[in-house]
Each structure stands twice: as structure tokens, then as C-alpha cells.
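A lone chain, given as C-alpha cells: the form predicted on its own.
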């Protein structure tokens, strides 16, 4: 499979999983871990307009149409920013989107483990996590029809 076909499959899976999760998540805020260009943030604002959407990323690099308000953007490394968000809003995140990493397992696996350990500090009971990685410590849920196994993941927090 070409890299172009692979990214198209990944983005389609991401969109389908997020759409399902918005419909099934409990009431509460959304957390987008990894802003990048802002495409996912922009999409989340469209499909979940009544929810607060917090964003964490190392630095602002989003397209001007996808820049979150200052009060909803936490700039810095993910681990201390999750801690900062927990201090600010407590356990009120009902849907988290995790899209961090660079595709190199030696880098991505330790980061995913560290973030998975911190997420319960911001997640409400029954919160859903949509991720590009299978995070430890969460119930794995089936993905929507058409999403290839292992392409994207939906997980539930029971706390």
C-alpha cells in the first residue's frame, strides 16, 4: 500500500471513530492531544459545537482557521500540560483524542504509556478515548464498520 493510500485510510478511520465517539461520549469537555495543523480540532468544533475543546501541543503551528482560543490551548510537552489541565478543570473530559508521535515505535510507545497513565486525571467516568495507538489501562471498544483492525482505536475509561 502506498503511503498516500495509508494516510487516506488513517484519516478516514480517524474521522469515522471521532464521529462515533461524539455521539456516544458522556456529557463533558473534549481534549485534543496533538494540534498539528489543526484539521482534527477544526473537525471536532464542527461535530461537537456545544462542547468545550481543549488542545495540547508543543507549539502553535495550526492553520489560522484552526487556532483554538488562548484559554483552551495548553502549549508545552504533553505530560506537564495534562497535569496543568487537570488542575484547571478536574475530571471533566468526556472525549479525548490522542494523536501524538512520529511513527517510530521507540519514541511513540513510551509517550503513549506516559500519557495513558496521566489521562485518568482529566477523564470523567465513561469517557471515550479515540487514538492512533492502543493505550494501556482502558477498555477496548470495537471501531465503526469500515475501520480496519489496528488502524485507529476507541477506548473507554472506567474510573
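Computed from a predicted model, the values in this text were never measured in an experiment. Positions refer to the first chain, counted from 1.
The same protein has a further form, the form predicted together with a small molecule, not shown here; the description that follows concerns it.
Quiz item: Can we say 34, 38 and 77 each have a non-hydrogen atom within 4.5 Å of the small molecule in the predicted complex?
Solution: Every residue of the spot touches the small molecule in the predicted complex.
Practice problem: Could you confirm whether residue 126 comes within 4.5 Å of the small molecule in the predicted complex, counting heavy atoms only? | Solution: Looking in the predicted complex, residue contacts with the small molecule do not include residue 126, since no heavy atom lies within 4.5 Å.
Quiz item: Would residue 116 count as touching the small molecule in the predicted complex under a 4.5 Å heavy atom rule?
Solution: Output for residue 116 is no: heavy atoms all beyond 4.5 Å of the small molecule.
Quiz item: Should residue 101 be counted as a contact of the small molecule in the predicted complex, where contact means heavy atoms within 4.5 Å?
Solution: Judged by the heavy-atom cut-off of 4.5 Å, residue 101 is in contact with the small molecule in the predicted complex.
Self-check item: the small molecule contact in the predicted complex: residue 48, any heavy atom under 4.5 Å
Solution: Flag for residue 48 set to no.
Quiz item: Since the chain is shown here on its own, which stretch among 22-30, 87-95, 56-64, 117-125 would lie within 4.5 Å of the small molecule in the predicted complex, judged by heavy atoms?
Solution: Of the options, only 56-64 has residues within 4.5 Å of the partner.
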